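Just one chain follows, in the form predicted on its own, and it is written as structure tokens.
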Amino acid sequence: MPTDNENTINAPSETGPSDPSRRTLLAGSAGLGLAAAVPAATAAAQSAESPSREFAGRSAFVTGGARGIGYATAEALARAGADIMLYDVAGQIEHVKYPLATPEDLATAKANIEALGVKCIAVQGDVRDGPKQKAAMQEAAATFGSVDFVVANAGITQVGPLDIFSEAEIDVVLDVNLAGAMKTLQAAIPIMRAQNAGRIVLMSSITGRRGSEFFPVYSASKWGMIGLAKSTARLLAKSNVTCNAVCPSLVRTRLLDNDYILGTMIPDNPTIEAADAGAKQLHVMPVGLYGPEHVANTVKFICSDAAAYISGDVFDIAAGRNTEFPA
């Protein structure tokens, strides 16, 4: 297996990510997913003098950060002054039937974050690889001086009824979406405990709040993310670390906008325009597919000092779709 240094991306790029949207979305019945994290004591002073740089001196570790919701989140935190580590597989995973981010996407994301005047490290790595995530997290702490925000956003999906999937197809979704997030937390917990501060955001989905016959494994993994967020919030409460889940609905990202998802969900008209029209029917508010920056803004709030005592909660970003939930 290549070393961390061999997979650290340094190549610059002049354009924005091939598609600033990807990992966490699920069309179909209703769904998506994402996540982010909390400020450390060592940088507690960024302030009222420059509210737009409220996270200066802090840093974030974002999985699935090469494009999509992960990239949008990293960008929002960087605009507020946070240094960023992007951790992304940036390559294809067996049994995933649509294109994932590429090394070029990751290099472009890194260049764009650095252009905002903050530091950025980009590591090509799989969230299923616990030792590699731990090494990357330690590199972030050593380079930036702290890891204040952790956004466990990496995720994949598949479409169809449960009985059509092989064991391997089931395993890969659970291993990336849920076990991968657990390994992210295992890497972060010792650092945040030592800091006695931090924010963790786990990317769940509206399909983690309601069932979906089209996305049964994905839905199960995202329900699991909510349980993981609440459990982690209890575990780390006395260390001043918060943990919350974010549940997007229908976001315009590559996780939706690809031939596999559109062709399976809308076989008669597999276009992003048709998906947008369907989203307008599902959402209560007059909006179709919305941009990943709306999820990123919610993550940014959770990471802010204003959210210091919010932990173990679930934030729906669903344009009113969540009004059907019982509580």
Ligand SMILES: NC(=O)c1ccc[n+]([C@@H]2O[C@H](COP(=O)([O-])OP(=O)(O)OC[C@H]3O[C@@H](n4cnc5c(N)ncnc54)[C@H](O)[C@@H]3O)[C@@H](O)[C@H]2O)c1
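Start at 1 with the first residue shown and count on from there. Predicted, not measured: the structure shown is a model, and the values here were computed from it.
If you look for the form predicted in complex with the named molecule, you will not find it shown, but the lines that follow are about it.
Visitor: The named molecule is absent from this chain, but in the predicted complex, do Lys110, Ala140 and Phe144 each have a non-hydrogen atom within 4.5 Å of it?
Guide: No, none of Lys110, Ala140 and Phe144 comes within 4.5 Å of the named molecule in the predicted complex.
Visitor: Is Leu255 one of the residues lying within 4.5 Å of the named molecule in the predicted complex, judged by heavy atom distances?
Guide: Contact with the named molecule, yes.
Visitor: Contact between Met203 and the named molecule in the predicted complex at 4.5 Å, heavy atoms?
Guide: Heavy-atom contact with the named molecule at 4.5 Å: present for Met203.
Visitor: Going by a heavy atom distance of 4.5 Å, is Val251 a contact of the named molecule in the predicted complex?
Guide: So Val251 counts as contacting the named molecule.
Visitor: Is Ala101 near the named molecule? Define near as a heavy atom within 4.5 Å, in the predicted complex.
Guide: Although the named molecule is absent here, Ala101 would touch it in the predicted complex, with heavy atoms inside 4.5 Å.
Visitor: With the named molecule left out here, work out from 93-101, 75-83, 226-234, 112-120 which stretch has heavy atoms within 4.5 Å of it in the predicted complex.
Guide: Among the listed stretches, the partner-contacting one is 93-101.
Visitor: Would you kindly say which of Ile156, Ala136, Leu185, Val241 lies with a heavy atom within 4.5 Å of the named molecule in the predicted complex?
Guide: Checked against the cut-off, the match is Ile156.
Visitor: Identify, from the list Val89, Ala197, Val217, Leu178, the residue with a heavy atom within 4.5 Å of the named molecule in the predicted complex.
Guide: After the contact test, the surviving option is Val89.
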